[in-house]
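Form predicted alone, single chain, as structure tokens, below.
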């Protein structure tokens, strides 16, 4: 893509695309998300996007100067969708819990896009709003700024890391995903108590638990740790 981007006020395309839609940044992002969901990372090209939008590929230069800029917009859109409808309750644990679970669920609903963008820093509207909200939850709970920043960092990295891990598993071809899941019974279920006593003893629980994401429990452990450290942090 070209490095030339038209300023916001001059971006509107006067004539509709072949599909009858007026081209916009939001339409491009939504179309890109749909294409990535259907075809993976290779769908994120000017040619394929232009064809899907019914527009000349060069028209996309007016909105994004390269595919990386578009990828950052996709990542920011995911963050925005995770925050849709979120409202603070005033209970810092519940507010962080709901924010984290929303992030995780949103990324899992778009696994292909999550694999591409979960690790990126966008600096865009939705991301900056999320950073402000999470820091606000922590500071309003009485955590000093130094602790709030470290807790924010750990909280966000945990949510995004689990989201990327679980999304990557969902993005696998069906056969590969089913083969991975079958390993718990085909391999771990057959290990001898003589050689692997701990696995053998815990296997029924282990096999059942590994079917689901470990994120909800990991999140609760983090919230418990924050709560335990809160008095000391407040006194400091």
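Residue numbers count along the first chain shown, from 1. No experiment lies behind these values; they were computed from the predicted model shown. So that the term is clear: the rigid core is the largest set of C-alpha atoms that superpose within 1.5 Å between two forms.
The discussion below concerns the form predicted in complex with a further copy of the same chain, not included here.
The stretch from 26-34, 40-48, 185-193, 54-62 that comes within 4.5 Å of a further copy of the same chain in the model of the complex, counting heavy atoms only, is 185-193. When contacts are judged by a 4.5 Å heavy atom cut-off, residue 113 does not count as touching a further copy of the same chain in the model of the complex. a further copy of the same chain in the model of the complex is not approached by residue 83, whose heavy atoms all lie more than 4.5 angstroms from it. Although the partner is absent here, residue 128 is a contact residue: one of its heavy atoms lies within 4.5 angstroms of a further copy of the same chain in the model of the complex. Although the partner is absent here, residue 151 sits close enough that one of its heavy atoms falls within 4.5 Å of a further copy of the same chain in the model of the complex. Contacts between 137-166 and a further copy of the same chain, taken as any heavy atom within 4.5 Å in the model of the complex, involve 139, 145, 146, 147, 149, 150, 151, 152, 153, 154, 157, 158, 160, 161, 162, 165. Annotation: Cα of residue 183 displaced by less than 2 Å between the shown form and the other one, core superposition. Shown in the overlay between the shown form and the other one, fitted on the rigid core, is a CA shift at residue 41 of 2 Å or greater.
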